[in-house]
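To begin, one chain is listed below as structure tokens, in the form predicted on its own.
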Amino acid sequence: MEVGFLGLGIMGKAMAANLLRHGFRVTVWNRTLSKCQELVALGATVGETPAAVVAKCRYTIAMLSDPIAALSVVFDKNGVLEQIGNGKGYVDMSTVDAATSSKISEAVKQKGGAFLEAPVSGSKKPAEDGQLVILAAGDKALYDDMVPAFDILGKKSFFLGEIGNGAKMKLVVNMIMGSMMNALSEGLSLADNSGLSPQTLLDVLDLGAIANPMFKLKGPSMLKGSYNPAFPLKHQQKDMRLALSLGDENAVSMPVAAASNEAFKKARSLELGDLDFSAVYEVLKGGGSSQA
């Protein structure tokens, strides 16, 4: 199976590499073309523009940083729309809002192409291990065609119906994740400032009803002040903002998410945005510097 892949950031590079290792023929593009070379070493070919990738491949996947980037790759000069058409499918796996997804979907369909939104739950390690959870919505026939790729990229894929449902589900999931990270950070700070061992708190949490993989993975690194970015904090804050906007649209009160968003915004103001989202701990413990 041949696919195009647009966007080789932390997630996209790991996902494209996984497809290559499992025998897929992959043509890649990234705004900074030099980032393609690691994939070329694994057997990828390079497209000079998004349009060139779409022209070559029946199916093209995008994994981009935010709604602005997702729209740019589609609508700008040499973008996806210049070559999408009958018999071609475009799969956007970026985390964006439902309105952005709908705008891209309408444009692709007007050109005769098929569109699927398929944001993922999971960060760098699940992407590398093919253990993402894929939240797809849109063209069901395209979803069925993409299942062989999704089976490589993830441990489970869900088809959620009409366009927008995948985007909304991803924002809800990331809103919960961001709120949980803030709660963990506050708990570690409270334990430390109360004369308790934060590590012992992590051990206790891991044995109780609220044990979860995120606390187990992130907690020890947080105590060391180590925030190598599996999921950059600036992207987590973007997702909190989009989730809160979704809450506004549906008149849903979200005080916990709103408070968590403020902590992530504070972390960004302290120039922690490129670190892992767990670096919000530096804000909640009263810090502001960290070890990358």
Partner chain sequence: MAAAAATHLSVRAAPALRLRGKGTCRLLSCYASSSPPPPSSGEGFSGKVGFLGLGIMGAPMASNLIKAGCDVTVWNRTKSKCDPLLSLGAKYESSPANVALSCDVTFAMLADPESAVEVACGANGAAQGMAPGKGYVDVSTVDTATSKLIGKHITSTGASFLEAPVSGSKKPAEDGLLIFLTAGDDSLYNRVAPLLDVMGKSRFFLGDVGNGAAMKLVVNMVMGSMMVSFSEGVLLSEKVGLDPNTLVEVISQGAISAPMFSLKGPSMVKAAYPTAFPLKHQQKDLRLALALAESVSQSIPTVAAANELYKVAKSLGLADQDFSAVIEALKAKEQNPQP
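Numbering follows the first chain given and starts at 1. Computed from a predicted structure; not experimentally measured.
In what follows, reference is made to the form predicted in complex with its partner chain, a form of this protein that is not presented.
Mapping the unseen interface onto this chain, Leu71 falls outside it, with no heavy atom inside 4.5 Å of its partner chain in the predicted bound form. Taking non-hydrogen atoms only, Gly85 never approaches its partner chain to within 4.5 angstroms in the predicted bound form.
None of the heavy atoms of Gly112 is located within 4.5 Å of its partner chain in the predicted bound form. Looking at Ser101, you'd find every heavy atom of it more than 4.5 angstroms from its partner chain in the predicted bound form. Residue-level contacts in the predicted bound form: of Leu246, Leu64, Ala51, Ala230, one residue has a heavy atom within 4.5 Å of its partner chain, and it is Leu246. Note on the partner interface in the predicted bound form: the residue among Ala55, Val46, Leu223, Ala259 having a heavy atom within 4.5 angstroms of its partner chain is Ala259. The stretch from 73-81, 103-111, 148-156, 89-97 that comes within 4.5 Å of its partner chain in the predicted bound form, counting heavy atoms only, is 148-156.
In the predicted bound form, its partner chain lies within 4.5 angstroms of at least one heavy atom of each of the following residues of 208-246: Gly208, Ala209, Ile210, Ala211, Asn212, Pro213, Met214, Phe215, Ala243, Leu246, in sequence order.
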